[in-house]
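As a starting point, one isolated chain is supplied in structure tokens, in the form predicted on its own.
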Amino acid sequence: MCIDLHVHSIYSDGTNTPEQLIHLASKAGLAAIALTDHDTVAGVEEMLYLGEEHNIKVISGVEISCMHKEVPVHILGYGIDHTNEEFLNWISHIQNARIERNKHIVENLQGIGIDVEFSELSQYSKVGQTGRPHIARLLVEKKVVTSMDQAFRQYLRRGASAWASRKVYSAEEAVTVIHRAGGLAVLAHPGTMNRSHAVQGNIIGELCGVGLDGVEMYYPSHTKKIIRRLKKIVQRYNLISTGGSDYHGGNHTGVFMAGWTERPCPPECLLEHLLAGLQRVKKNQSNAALLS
């Protein structure tokens, strides 16, 4: 059986509800799934409940956008306590930064003569986090562009005419907070960080120095060559391997949940290593509590 440990819902920039994601996972025969919305855990409680109903193992998750030195990286947090107050307070600062960036992007679009209003985004993002994909959908709807890809290329990607930066935490901070919330920190899609294999390996090694627990080995754009190289890195640093589709529903065309494509699925054995790692985290936290 296969698993998919990287999917997004309407609570960030996906187009499926947690219920729809569970139904897709069930039809695909997946053994486990993880909801990893960007910078929010708003849909996790619902996902956990639905997983029990449909007999699918659900791992609580989140995807944190952060920086390592000058390199943008995404850290996946697995098995976190989604009710942890420290974590929720920390992540709220990221969410507020996203709101401010959205306002700046809309202002930049207005500055180049595009008729958009910040209030219009609410029709595309009724719950959870609003982000650039929602702005892209607005631009498509207004016929400013013909596709979301064009919206990003022309206006929303880094360096484009409406681009706006936002405050982000360091990868080290993200790893630390994920650990405090009882989770494991995994580097998302390492094969997309930099074209240089040496640079990728160096970044992973540096992140291991600040507590990284694993890497996302199986990913739609990871070739067999990349997977072989990541396996060597995993062995060298004694890391956990994970895998997922990065499914966003209709917002990322051509990307399907694991089990719905010809591409090899992340195998179920990865789940065993992840759960064993989470058990070690809980044991370490219990021992630390006894000693304090």
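Sequential numbering from 1, following the sequence displayed. Keep in mind that this is a model prediction, so the values were computed, not measured.
The same protein also has a form predicted together with adenosine monophosphate, omitted here; what follows describes it.
For the candidate set G214, P133, G191, G128, a heavy atom within 4.5 Å of adenosine monophosphate in the predicted complex is found for exactly one residue, namely P133. Between the options E172, D149, D81, E120, the residue in contact with adenosine monophosphate in the predicted complex by a heavy atom within 4.5 angstroms is D149.
Heavy atoms of every residue among H38, R98 and N251 are located within 4.5 Å of adenosine monophosphate in the predicted complex.
Stretch-level contact analysis of 175-183, 81-89, 98-106, 206-214 against adenosine monophosphate in the predicted complex, using heavy atoms and a 4.5 Å limit, identifies 98-106.
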